[in-house]
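In structure tokens, one chain follows: the form predicted on its own.
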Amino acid sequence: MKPKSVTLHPDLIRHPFSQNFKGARVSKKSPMLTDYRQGKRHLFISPKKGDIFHICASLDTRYICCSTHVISHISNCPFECTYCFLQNYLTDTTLTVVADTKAIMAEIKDKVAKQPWRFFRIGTWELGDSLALPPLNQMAAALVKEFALTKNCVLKLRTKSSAVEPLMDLDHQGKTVVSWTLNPPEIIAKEEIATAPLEKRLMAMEKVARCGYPIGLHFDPMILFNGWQNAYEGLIKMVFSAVRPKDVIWISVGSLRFNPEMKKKIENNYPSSKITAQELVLGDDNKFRYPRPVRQDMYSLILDCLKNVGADQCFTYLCMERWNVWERVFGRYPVSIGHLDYLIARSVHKRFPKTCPTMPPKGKYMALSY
């Protein structure tokens, strides 16, 4: 998939990254497209303006969140997932990428140096797919090279694509996790429009695993449909026929959720989608979810399937759920957001010591406030 147009900020005309776009329109402003779907087809390459490194905006102290950090250097996505929150979030919908890697890394290094004891997980997927197409995967490759030289952080690339070629021959030093959002083929075909088919995602996953990258798996959002149990069981079998449990650094599990405004957007933008037709309840965070017993059954099925394929050694956590759901699914729960942050860091240190060389200090994590 190629963008219909490319606009290049004049400050980046001589930037090496911009040499891939001969003949691009030069302007200090993006096309400022307001139509969500139209914006996906037009690319703006921008310099860095202001801070773009921060804790995940989804963090909510009413839930046990993983407190990951993000770089907001991508905005919008060429894919068309029916459940994507961006359709209700973006004002300028132009697909935008901040190309100044050195400036991005300077901000990151300055901020993580203030907590040298902490293991920072830093993703590039908050407002778009990390690898969807050139130049996003080329920017990702530039960040992989930079993160290979860092001490207390890891880069998280999360995608629904198979465009991993720029990552293949890099000396990543175990400091980049390549992750996939995964759903059964039935959901990919109907709800994750224009994304890579499951088979291609798994082939790409196998390639990067052979290159020594730790693999992240995200069964999130899980979506209900007739036969979902067998479909998710089959999905997990397929995933672990492509990669070994020892290659997987963590697994997150979550269910479909969106705010009331998003419900209207989904029904208007994707009228053939049925995802809003299931029974949903509104939480105090103003998001619709499946009823709690349904979510618990979904998560428990995933855990049983992981155990059946020998992947229960992989650190698995729930996304945006309360302690009572954790307790029902796992029989235990992190007592705070900082506690979950610590548990993830401890697991990485034990299983992937090259990625997290230092044992995390539990007391400092437990004292974190949000």
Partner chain sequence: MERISLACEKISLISPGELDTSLDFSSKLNPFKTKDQELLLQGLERSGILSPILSIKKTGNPNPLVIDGFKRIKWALSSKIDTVCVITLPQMEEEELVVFLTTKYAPTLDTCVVRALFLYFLVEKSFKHKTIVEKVMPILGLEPHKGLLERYLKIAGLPHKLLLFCHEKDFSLKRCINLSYKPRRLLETIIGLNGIISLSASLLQELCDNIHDILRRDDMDVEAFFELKQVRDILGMEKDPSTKTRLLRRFVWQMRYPVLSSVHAQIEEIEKRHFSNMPFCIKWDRSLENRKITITGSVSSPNELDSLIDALSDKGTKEGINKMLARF
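If you're wondering where the values come from, they're calculated on a predicted model, not measured in any experiment. Positions refer to the first chain, counted from 1.
Only in words, not in the display: the form predicted in complex with the partner chain, which the text now covers.
J.: Considering the partner chain in the model of the complex, which of His339, Arg41, Arg322, His54 comes within 4.5 Å of it through any heavy atom?
T.: Exactly one residue meets the criterion: Arg322.
J.: Find the only residue in Lys102, Lys114, Lys264, Arg244 having a heavy atom within 4.5 Å of the partner chain in the model of the complex.
T.: None of the others qualify; the residue that does is Lys264.
J.: Since the chain is shown here on its own, which stretch among 161-169, 198-206, 281-289, 128-136 would lie within 4.5 Å of the partner chain in the model of the complex, judged by heavy atoms?
T.: It is the stretch 281-289.
J.: Going by a heavy atom distance of 4.5 Å, is Lys274 a contact of the partner chain in the model of the complex?
T.: Within the cut-off, so yes.
J.: Wondering, does Pro293 line up within 4.5 Å of the partner chain in the model of the complex on heavy atoms?
T.: Yes, contact at 4.5 Å.
J.: With the partner left out of view, is Asn268 within 4.5 angstroms of the partner chain in the model of the complex by any non-hydrogen atom?
T.: Yes - in the model of the complex, heavy atoms of Asn268 and the partner chain come within 4.5 Å of each other.
J.: If we define contact as a non-hydrogen atom of the residue within 4.5 angstroms of the partner, is Lys48 a contact of the partner chain in the model of the complex?
T.: Judged by the heavy-atom cut-off of 4.5 Å, Lys48 is well away from the partner chain in the model of the complex.
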